[in-house]
Ligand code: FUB
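Next up: just one chain, as structure tokens, the form predicted on its own.
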Amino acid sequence: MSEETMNTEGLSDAEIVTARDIARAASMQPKNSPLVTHMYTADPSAHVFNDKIYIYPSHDIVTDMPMNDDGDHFAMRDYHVFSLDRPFGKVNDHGCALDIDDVKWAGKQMWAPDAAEKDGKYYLYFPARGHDGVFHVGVAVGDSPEGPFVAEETGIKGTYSIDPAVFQDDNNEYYIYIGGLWGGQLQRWSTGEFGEDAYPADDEPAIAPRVAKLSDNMVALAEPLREIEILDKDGTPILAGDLERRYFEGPWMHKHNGTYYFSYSTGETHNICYATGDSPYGPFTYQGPILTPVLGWTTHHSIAEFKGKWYLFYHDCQLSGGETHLRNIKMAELNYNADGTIQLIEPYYN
């Protein structure tokens, strides 16, 4: 069955996209192979520790949860840590580093994580729904980049929503970036308190991701979360109706030649885009896409440097044949132009 002949009547947006992806999967020719094939993995956060590439992904599982636009079918419950001695080389699975049963405050859905190192300690940052159904960000601490990690008793006070990404600046200050719409609940925090969905009109500024500096102990915020401005090149905010460019989820920060690169997913238009600025707080000026849409509804990435070369880590649904909640992580070399712009990456052959 082709996309043109599908009957999508009565399906949710998520179900429609999954049906289309399954129809597309047979014709897709990926440029890169899955890094991990013995389990489903997604949302890869990559860092270089101890001269190795470490990847901290979420762990997709087969579930009977209903597929819907809140993402209930993304029912992940633990984290494995993976490492590579060289790019595209053999991947080592270091086993389960943290399970939801060991996180007292978490009820379900341990989604996209990230990690950081400071003074020989390693910190795993992760979102989860509390027992009240509200997403917050937690942190677990370990003595090794592979884990295991021991979770703090509560989530990080002052956090909410999903997709934590931690950036270490040159001065050894650490910043945490968060935020995801729809099931990620960012649209429910417009007043600073958890409430009803509140989406701006199409001609109003888009909902902004959040950032805060981490405290010296790495397990608390040093300040309240603040909004990040993403601007067009004329200095005006990217608007909510600009679905090809506005922020949806999956923040990431890296620094190249003194410039801060804030990158993110646009959600339902399936782009990975980036914007640049002079401060980890922003504002950031939109520059363009990094990665064209992948097979699957979600798109989530990270960027890391290893031995003088840069790499993009991402996921698609190649292993599952298009099942949007059963994904696999990949990597691709990332290149810059002379002016600092990032060359577009196409994940599939035409």
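One-based numbering along the sequence shown. Note that the structure is a prediction, hence the values are computed from the model and not measured.
Only in words, not in the display: the form predicted in complex with the named molecule, which the text now covers.
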Among 111 to 119, 83 to 91, 142 to 150, 189 to 197, mark the stretch whose residues have heavy atoms within 4.5 Å of the named molecule in the predicted complex. 111 to 119
Select from the listed residues 253, 162, 106, 228 the one whose heavy atoms reach within 4.5 Å of the named molecule in the predicted complex. 162
I have 58, 76 and 327 flagged as a candidate spot, so tell me whether each of them has a non-hydrogen atom within 4.5 Å of the named molecule in the predicted complex. yes
Using 4.5 Å between non-hydrogen atoms, is residue 318 touching the named molecule in the predicted complex? no
Hey, in the predicted complex, does residue 298 get a heavy atom within 4.5 angstroms of the named molecule? yes
